[in-house]
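In structure tokens, the next block holds one chain alone, the form predicted alone.
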């Protein structure tokens, strides 16, 4: 597929995340007004709430954009999703007859504030990248490193906190928690000293289900994807995770990119996993390519300093695709809701500079990672972490926008009122 030409000139750039081929879904506000729904196009946001209110965009009898989130559109179903993309594409394509009407509903991206694009119903985070799982095992267990015996047979996950999900640009405060290091005879309660990021992609579920679904059915339930940072307090996690897994270590915040890239925009980039074969039962086998060729990177910017890219990897490194994760999620009859968020798990590649978190990059803190003006074992107060992702086409890219978060100092006393 080649670049689709638009009368919005900035959308025709080979370097924009938001060409006409993309049309990702977000929520924005300007001048302190109420948030509304829009689609990114080049350097602008197309105000869909206004277009629908004026009857220029029509998706059915009921209004779908009278609320500041995309859940109602998702609930309307795949046929409406396709109709929306078709109508907006026609409005923005080069030579569009409605240009003179639509132009008045473009908002400059740099003048807008971006908000969470959806109401997150539930949040589940997976552990589905072999490189990451193998590295973490080696860091924690040394020569005894091994994947858990169930890992090759099903996607491992834990249920996180939907209330922790925040939009890109939000500050993240260093958490307090119980820590039990080798230097302590008993646990202490203190700010995390080993705070980390995790590079992930997350699927946004657009179709509800109350029964087990196949991998193919699960794939059709996915509305789109966001880039996700699963912030992690490694020292809190090390003490709490036996035997039930992460809890407070992952409850501080989960940052997502402000734009949901619809699955339809990613179709040309479908690919198969580069990971070794998995020992899967038939109900988890993929009927075709379920991953996407999406280049990903992580950058750290210290307070007042310059940005350093510390990791580059690809979503195709995943061992399980989101559709397989979703299918597994439903096997016990677990209901899935519109607005559910499924984190892929940390995305690492085989190379040292392709690891998706500082735990791996610094090998448990033993090998500092060089950044502009210094080095990092784990994140320091004032650090801004930026995750980026894009699929590269012929003269265009399908991007998610930046997923950023700044780590700020822990409270001096978390119980002070």
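Numbering follows the first chain given and starts at 1. Source: prediction; values computed, not measured.
From this point on, the text means the form predicted in complex with another copy of the chain, which you will not see here.
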*Looking in the model of the complex, is another copy of the chain within 4.5 Å of a heavy atom from each of 163, 251 and 414?*
yes
*Choose from 83-91, 299-307, 96-104, 171-179 the stretch whose residues reach within 4.5 Å of another copy of the chain in the model of the complex, heavy atoms counted.*
171-179
*asked:* Counting any non-hydrogen atom inside 4.5 Å, which residue from 275, 119, 156, 167 sits next to another copy of the chain in the model of the complex?
replied: 156
*Interface residue in the model of the complex among 317, 340, 219, 230, criterion: non-hydrogen atom within 4.5 angstroms of another copy of the chain*: 340
*Find out whether any non-hydrogen atom of residue 239 is located within 4.5 angstroms of another copy of the chain in the model of the complex, and reply yes or no.*
yes
_Is residue 189 part of the interface with another copy of the chain in the model of the complex - any heavy atom within 4.5 Å?_
yes
*Should residue 78 be counted as a contact of another copy of the chain in the model of the complex, where contact means heavy atoms within 4.5 Å?*
no
*Contact test in the model of the complex: residue 289 vs another copy of the chain, heavy atoms, 4.5 Å*: no
_Suppose contact means any heavy atom within 4.5 Å; which members of 309-343 contact another copy of the chain in the model of the complex?_
328, 329, 330, 331, 332, 333, 334, 335, 336, 337, 340
